[in-house]
Every structure is written in C-alpha cells, then in structure tokens.
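Next up: a single chain in structure tokens, the form predicted on its own.
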Amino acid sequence: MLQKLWEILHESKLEVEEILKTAKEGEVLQAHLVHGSIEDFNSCNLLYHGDNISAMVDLLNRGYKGKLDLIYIDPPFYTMNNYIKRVEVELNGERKVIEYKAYSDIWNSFEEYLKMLSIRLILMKELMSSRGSIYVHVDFRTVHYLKVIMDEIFGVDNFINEIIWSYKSGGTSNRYFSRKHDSILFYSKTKDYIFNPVKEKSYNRQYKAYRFKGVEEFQDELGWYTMVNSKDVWQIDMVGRSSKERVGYETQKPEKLLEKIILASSNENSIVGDFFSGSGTTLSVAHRLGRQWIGSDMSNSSLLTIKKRMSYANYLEFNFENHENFGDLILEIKNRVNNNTNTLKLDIKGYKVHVESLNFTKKNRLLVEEVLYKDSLVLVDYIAIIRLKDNFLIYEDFITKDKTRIDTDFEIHFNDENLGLIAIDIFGNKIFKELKLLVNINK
C-alpha cells in the first residue's frame, strides 16, 4: 500500500500542475462565487458554490496565495454511505419529517478517494500563509493513510498533533471496543505558525484540593481543578438531537470544537478557510470570533443552511445567474403608485416542485406529494426580493425553528421597476422569477 500512496501523490501533483495550467488558459470554473467581493480580501468574506478545486484555483488566480492563516476541513470519511438531511414541515398542525440525500460518500475505490483529497490538500497548501495551519478531520478508516500523505505534502517536521475528538453517541458492539472518537491531523506550513494556547480544566486526583504553594486552584460542582494548556484529547459533546445548534445535517460538527481550533490557530485579522463547508459551522464560528472566512460546498442544501445560519447579520446574498429552476411559485402580483410611492403587493398562492428531480425514497416521495397537494407553501424555506441592477436585497423572509412558514402575502416599497424574486425550497432548490410589473413606475 505504501508504494500505491507514492503513486497517488505523484499523480496528484501532476494533475494539480495541469489544473493550474488549464485555469490560466481560461477554463470555465465549476464553482461560482455566491457571496462577497473577491477584489478586496482585506474586508470580505467569500462563499463559493461548486467544486472546491475550482474555488481554490480561482482564489490562487486572484491573489490569495499565502493569505489563509487557518484551514479546517471535514471531508467525506470514506464510509461508503449516502448522507441525508432531515427537514421538518408542519402540515395541518402536525410535524412531519422529510429526508433526502444531502451528499454521497461512495467511491469507486479507496485510491480514488485518497487522490481526491491529495489534489485538494496540495492546493490548500498554496493558499496557506507562512504562519498558517491546516486541520484535517477524519476517522479510523483513513487517518493512517492521510498521515502519510500529509507528511509528504506538508513535511514530517510540520506535523504538530493528532487531536482525538472523543464524544458520546449511540451504538455499541459486542465484537470490538465502541468507536467513539474522530482524529484531526494538525499541520503547519512552516515552523513560525500561529498558536495561541487554549486553557482547559484539569481535575485534581479524587477532586480534592492540593493546596500546593504557588498553584492556583478552583472549585466547581465536581471538585477542585487547575487550569492547564489543552491536551490533544478533547472531550466535546456531539450536536445532539435537542441541541440548539442542530440544523439537520447528519455530520454537523459542534461549534465548541471549531471554536477551540480557531482560537488556537488564528488571530482576529486572520482569514479562515473551509472547503467542505457543509452546515457552515466553521464559517459561523469564524464570523462570531471576528475572523474573515472563505468557504465552498457543492450542495444546494449546504448553501441554504449557511444562508440561514448567518442571516442574523443579513450577511449573504445569492447569485442566481445561470441556474436551472426545479420548482415554480404561483404568484399574484400587483403594483401601484400613490403620492410618488411605489408599492408592490405579492400574494404567493402555491408552490410546485419537480419531485422526480429530487433524490427521495418512495416513502419520502409520497410524503412530499401529500404536502404539495395539501399545503405546498410549507416547502418554501426562503424568499427574497432583490433589485436586479445590483442584486441589492430589498426584502427577505425564511423559516426558523419558531416560524413554520414564510409570509405569503406582503407589500414592499421600492424605487426601481426591475425587481427579481428569489426563493429556495427546503431541499435547497433555487427559483428565480423576474417580476413583471403592471405599471411603468418611472413615468
């Protein structure tokens, strides 16, 4: 297998050279920027939708080489499973759960999987600053192979830690010790890397006070402890079913885990990258901690989840150029001018979605068809009105834990006649409609 790893690394390096060469010759990107102004990396957060190779190549071509102080990735684990997203809708006062495939972790071979990661890790190294670090989150299936690959890409001397994330979860075995940890491989780019020690509690033996001279001790409900620099085994709870953080992703990681990594390996002026953004935990925590961030993901549902998660700052605007509608809104549109005030009244009558375009089991397909028949608008997760000339956000509304449906009858006031309606359903499908106004408001 070791010989095979060297072959994978050699092929990956050659492929990266070809990718960069082709990109300079003007190949169309397979990822597009859906948030941010890439011309100003000093003050902007960026989010790509699509292949993360294309996102990283675009960043390199636009001057981001050596700009990222921290990269964390939580890539597929080679589980050979499909992963689902669970969404709840309220139908006639009853909560119903719809499940659909969020992403696939199925590969033709282990070599294909390792090559996929190797290519991306080589590109990530190019983006890392001289003080930069990378954390790669995997599990028992791949950690030993990734360690060899990362030793080659980043250098054996730049390996810092294998962090063990230990957690409680359901399921045990009578055939082996229960697997209740993941591994996070931590490498730097150079020896001059950012590292801010993070303190943690270290409980005294038998939880009793030592009363050693010069040692500061504390007490909580468990007993006496001291504060020490964090060890490489982290006991952090998973995102449980009742957690307020939960957004419906099976593989969602807890904010406390990312907070520890970001505080340790970045400063407030740092750029943090996550090129398998998923539910957006890295981006959300980086934003809360005052870091700039860059993310990418291929999944529509990921982009929607990140949008909702960051909406407290009204932060993300979606670019809806060159996309295919898989659904349609049934609208009644009226606009009028009174005393030089332009008013647009929208009444959303219903929603249609091409069920055959979605990856459902038979049970979930029948459930969606029932919802479409009885109350189709509960499937609309997000809606916005934008000014088309500059994509300026005029109005938005979305479902939250406390709000089970969007407002379907509303008015907005505006000064331009070229408006667009954006909607996203609970499956991440995007709908764009140019609003055909009945009055020429500029005359």
Ligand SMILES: C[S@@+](CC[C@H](N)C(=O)[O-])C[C@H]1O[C@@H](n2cnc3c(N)ncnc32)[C@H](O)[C@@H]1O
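Because the structure is predicted, anything quoted here is derived from the model rather than measured. Heads up: residue numbers just count along the shown sequence, starting at 1.
There is another form of the same protein, the form predicted in complex with the named molecule; it is not shown, and what comes next is about it.
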Spot the stretch among 182-190, 274-282, 228-236, 200-208 with residues whose non-hydrogen atoms come within 4.5 Å of the named molecule in the predicted bound form.
274-282
Any chance K253 has a heavy atom within 4.5 Å of the named molecule in the predicted bound form?
yes
Does the named molecule get within 4.5 angstroms of any non-hydrogen atom of K308 in the predicted bound form?
no
I'd like to check something about S302: if you look in the predicted bound form, is any of its heavy atoms closer than or equal to 4.5 Å to a heavy atom of the named molecule?
yes
Is K125 part of the interface with the named molecule in the predicted bound form - any heavy atom within 4.5 Å?
no
Checking H287, K147, K260, R120 against the named molecule in the predicted bound form, the residue with a non-hydrogen atom inside 4.5 angstroms turns out to be R120
In the predicted bound form, the one of M298, L372, I330, I160 near the named molecule [non-hydrogen atom within 4.5 angstroms]:
M298
